[in-house]
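The chain below stands alone, shown as structure tokens; this is the form predicted on its own.
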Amino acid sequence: MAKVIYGGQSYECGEHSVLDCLTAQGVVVPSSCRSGICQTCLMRAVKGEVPERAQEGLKPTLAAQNYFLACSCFPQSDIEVVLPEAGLNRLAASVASVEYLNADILGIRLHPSRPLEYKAGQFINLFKDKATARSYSLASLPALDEPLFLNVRKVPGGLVSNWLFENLKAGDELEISEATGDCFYVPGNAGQNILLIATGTGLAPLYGIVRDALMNGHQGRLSLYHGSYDIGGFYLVDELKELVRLHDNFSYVPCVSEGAAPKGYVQGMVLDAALNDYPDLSGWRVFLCGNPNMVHAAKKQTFFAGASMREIFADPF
């Protein structure tokens, strides 16, 4: 049975991940998504073999130094691990403003303590304390030198979201990570049509991506569909309608999945509405963000509608 060695102590790992093994023993390992996406639980092996699965999604330079994701690491033999000296570095940030975007979503704008390289649509980890963090997508545009813009949904019992809703105010200092993620706009095919589908705060990365594409002179169709259970779940509506007014190639379709839809809104599931309007996605680029069930279903259905898997970018949360 494989053992995990950390801080001079040896722990039986069994069939558990390194993260679950260590946290069960009271070892504090920073973590967030526990699904190998956010890279908060990055660790480094100083002895032993790292399974390939535990390095999926890491930069080759990190993998070569034996960094791995603790939540995805199920060792087959003894492994000695340490917390990283590198990876997604942390930095301080000051809160520029806090506002309610709707009753359940908070808009938080941050000034990082040093210049942060990122692309609209990537995400950062926001830390409540040394061991508690959550990932939030960036809706801001670095080209505009905007404050970092996060959209935070209040999660019942959420350790971080409730803390932010109840305590955060302008002028506060907190800690964030560097940006990561591959859900962002890449220039170079200005005539390509792009379909963007979101639920809830999945709108955040897509709001950034749309503005980034328009700023880069994208000329193909940009069609954004945003889904909510009811009318109260929508936000940034005025900003999106203004983009529609300014750009002939951009359209915004808010979809209400339960109850009647008022004028200007579509009644039905957001994925159904998008595919009803665009049943043939051959040659399109697709961005999918938000509810994991929607995102997973949309990946399949947009692929079956003709989109290449290489052109489908998904960020479930």
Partner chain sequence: MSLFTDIGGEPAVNAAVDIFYRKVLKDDRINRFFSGVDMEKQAAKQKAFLTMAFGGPHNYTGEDMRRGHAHLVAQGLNDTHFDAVMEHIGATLTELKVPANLIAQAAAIAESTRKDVLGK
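So that the term is clear: the rigid core is the largest set of C-alpha atoms that superpose within 1.5 Å between two forms. Numbering follows the first chain given and starts at 1. What you see is a predicted model, and the numbers here were worked out from it, not measured in a lab.
Unshown form predicted in complex with the partner chain; subsequent notes refer to it.
Region of this chain that lies against the partner chain in the predicted bound form, out of 272-280, 252-260, 44-52, 31-39 [heavy atom, 4.5 Å] | In the other structure, the partner sits against 31-39.
Partner-contacting position among Ala307, Leu19, Met294, Cys13 - heavy atom within 4.5 Å of the partner chain in the predicted bound form = Result of the distance check: Ala307.
Using a 4.5 Å heavy atom cut-off, state whether Gly268 contacts the partner chain in the predicted bound form.
-> The answer is no: Gly268 has no heavy atom within 4.5 Å of the partner chain.
Can we say Pro147, Phe149 and Lys241 each have a non-hydrogen atom within 4.5 Å of the partner chain in the predicted bound form?
-> Per the other structure, none of Pro147, Phe149 and Lys241 touch the partner chain.
After superposition on the rigid core, does the Cα atom of Ala133 shift by at least 2 Å between the shown form and the other one?
-> The answer is no; the displacement is under 2 Å.
Establish whether a shift of 2 Å or more occurs at the C-alpha of Asn151 between the shown form and the other one, with the two forms superposed on the rigid core.
-> It does not, since the Asn151 C-alpha is displaced less than 2 Å between the shown form and the other one after the core fit.
Core-aligned, does Leu271 move its Cα 2 Å or more between the shown form and the other one?
-> For Leu271, whose C-alpha is compared between the shown form and the other one after core superposition, the shift is less than 2 Å.
Work out whether the Cα atoms of Glu311 and Cys38 come closer together or move farther apart in the predicted bound form than they are in this form, the change being 3 angstroms or more.
-> Closer is correct, given that in the predicted bound form the C-alpha spacing of Glu311 to Cys38 is reduced by at least 3 Å.
Quick one: in the predicted bound form, is the Cα gap between Ser228 and Ile37 smaller or bigger than here? Answer closer or farther; it shifts by 3 Å or more.
-> So the answer is farther.
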